Ligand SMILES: Nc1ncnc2c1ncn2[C@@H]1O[C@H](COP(=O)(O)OP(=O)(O)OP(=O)(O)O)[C@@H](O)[C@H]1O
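So this first bit is one chain, no partners, the form predicted on its own, shown in structure tokens.
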Amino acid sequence: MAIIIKNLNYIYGAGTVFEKQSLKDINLTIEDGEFIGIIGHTGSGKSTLIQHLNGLNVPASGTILYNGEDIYRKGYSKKKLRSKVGLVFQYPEYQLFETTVLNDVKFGPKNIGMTDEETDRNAKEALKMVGISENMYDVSPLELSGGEKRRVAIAGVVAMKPEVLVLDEPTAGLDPKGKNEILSLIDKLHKNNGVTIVLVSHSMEDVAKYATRIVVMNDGEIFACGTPCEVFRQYKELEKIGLSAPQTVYLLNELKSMGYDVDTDIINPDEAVKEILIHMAQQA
């Protein structure tokens, strides 16, 4: 169920004075079960890239294969594709429109042709999965808190049983508690349900914590791609394109420059604390 992106190019405003090439010869394979983090400054091509994954954007050239099939082939079912590759936009709660929470989550499954029984079952399973209790099913989505709205919006995509979940800045605008809850939910979907995750984020700490592989976009191109350690080892190069590394990377590299033999590939804050305490004890 890999997604294979081949020589993908995309041009905004082709043939107009606003013409701009937003993606330039993108080649990337997203393997089944991966948790991919996509980072880059504003305008780097992150959102444009992910909007190709379920066929919302049509490239100027190149293609995308899903399960070995060209999604831009004439006759290929985009409806079927979008039931398998779910896309959650930034501020997805703005798309809530039904009279009740349950009806809103049912909309997606019903729209892709699930039976009433499947729709009801999948909607309730998805709401339970995201932590929305039964006593909220008949509540208007507009009465929910920001974090609850975000959960309901994600449930609406999860209820369609996607194999791939693509999220564009899913924690934007949330407070720290809401942000951690949403990221933990996404991580749980990945680990417990085997859903492939593609997460676009501005937070280096978030992608370092959750992603198994990171793709760095810059000016419409892939600037770097690798494990979190491999990518953030290049923190000086990242700074040149307006990005930074998690704070643990800077701290450990600073200690290294001061003569402490610490492991500078550590990214997790808890592991960094243990590493520092070990070397402090050795110096005592």
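Everything numeric in this text was worked out from a predicted model, so none of it was measured. Numbers for residues come from their place in the sequence shown, where the first is 1.
There is another form of this protein, the form predicted together with the ligand, and it is not shown here; the text below is about that form.
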Mind checking whether each of 110, 118 and 161 has a heavy atom within 4.5 Å of the ligand in the predicted bound form? no
Which residue among 78, 202, 128, 188 has a heavy atom within 4.5 angstroms of the ligand in the predicted bound form? 202
Using a 4.5 angstroms cut-off on non-hydrogen atoms, would residue 206 count as touching the ligand in the predicted bound form? no
With a 4.5 Å heavy atom cut-off, would you call residue 169 a contact of the ligand in the predicted bound form? yes
Contact test in the predicted bound form: residue 274 vs the ligand, heavy atoms, 4.5 Å: no
Please determine whether residue 62 contacts the ligand in the predicted bound form, using a 4.5 Å cut-off between heavy atoms. no
Answer among 29-37, 43-51, 252-260, 225-233 for heavy atoms within 4.5 Å of the ligand in the predicted bound form: the stretch 43-51
Those residues of 88-123 with a non-hydrogen atom no more than 4.5 Å from the ligand in the predicted bound form are 90
